[in-house]
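We begin with a single chain expressed as structure tokens, specifically the form predicted on its own.
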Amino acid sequence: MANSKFEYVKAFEKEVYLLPETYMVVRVDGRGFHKLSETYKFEKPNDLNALELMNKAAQSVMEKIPEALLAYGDSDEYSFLLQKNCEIFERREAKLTSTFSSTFTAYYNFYWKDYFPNSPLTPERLPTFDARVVLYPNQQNVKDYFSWRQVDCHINNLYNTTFWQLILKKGLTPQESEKRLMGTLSSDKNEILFTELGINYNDEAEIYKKGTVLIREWELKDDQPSLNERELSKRQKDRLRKKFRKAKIQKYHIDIINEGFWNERPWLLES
């Protein structure tokens, strides 16, 4: 940047550097997706094309940002777990959030036509996403975070499934359906679905009940350095990063609350 008398304004810029030695989770959320889903007539209670578009955008982000080890998503949100000791963007908060939100938005819009070929986007209602980054000091916090998001997925899906089936199959208005479900427990909703609507919630697709997990599967070898090894030289880190970038990203609809999920993939939470 050339020097000039106006350069003093750069002093007003402030960077927030995130704490080292902490796990970073970046959560991307759709902005105004309730109205967007109405505009483009998403199917209720779940639109599989909309969910798969979210999955495609999230996987594309992971391919672009190899520091992302795992991503979990449902509805209009996705959470990305980064390597504990990664130094992406020098751990600058604004750079992280803006990159994840803009990259996710770009891919979501780019692939829209593949999932909604008969519903072209209009300038009046373009999909956009915001992002936040949250720091967690230990492994249990990270596990609890992703457990929280999957439990939230289950609770919301059970409610939405019952809510919309009462409308679609019983002819209730949205207000009547909301009143019918007010104060009900999960067991009550399951009972309504089964006895009144002929739906066994256990038979619903796993993607709706559990959300989607994207994992950069990594084959551990005894002579392989840790992904978070601080003593590696820059050349070794670059070589490992290139190799890790090529690791295949797998998609699952599985339980991530169970401890076995994490035990089978120790590299996700390496210290």
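No experiment lies behind these values; they were computed from the predicted model shown. One rule holds for the numbers: they count along the sequence shown, beginning at 1.
Below, we refer to the form predicted together with a further copy of the same chain, which is not included among the displayed structures.
Residues of just one listed stretch (70-78, 191-199, 132-140, 168-176) have heavy atoms within 4.5 Å of a further copy of the same chain in the predicted complex: 132-140. a further copy of the same chain in the predicted complex comes within 4.5 Å of a heavy atom belonging to Pro20.
Shown alone here, Arg180 lies farther than 4.5 Å from a further copy of the same chain in the predicted complex, counting heavy atoms only. In the predicted complex, a further copy of the same chain sits beyond 4.5 Å of every heavy atom of Arg239. Among residues of the shown chain, Tyr107 is one whose heavy atoms approach a further copy of the same chain to within 4.5 Å in the predicted complex. Not one of Glu52, Arg235 and Leu269 comes within 4.5 Å of a further copy of the same chain in the predicted complex, counting any heavy atom. Residues from 26-42 that approach a further copy of the same chain in the predicted complex with a non-hydrogen atom closer than or equal to 4.5 Å are Arg27, Arg31, in the order they occur in the chain.
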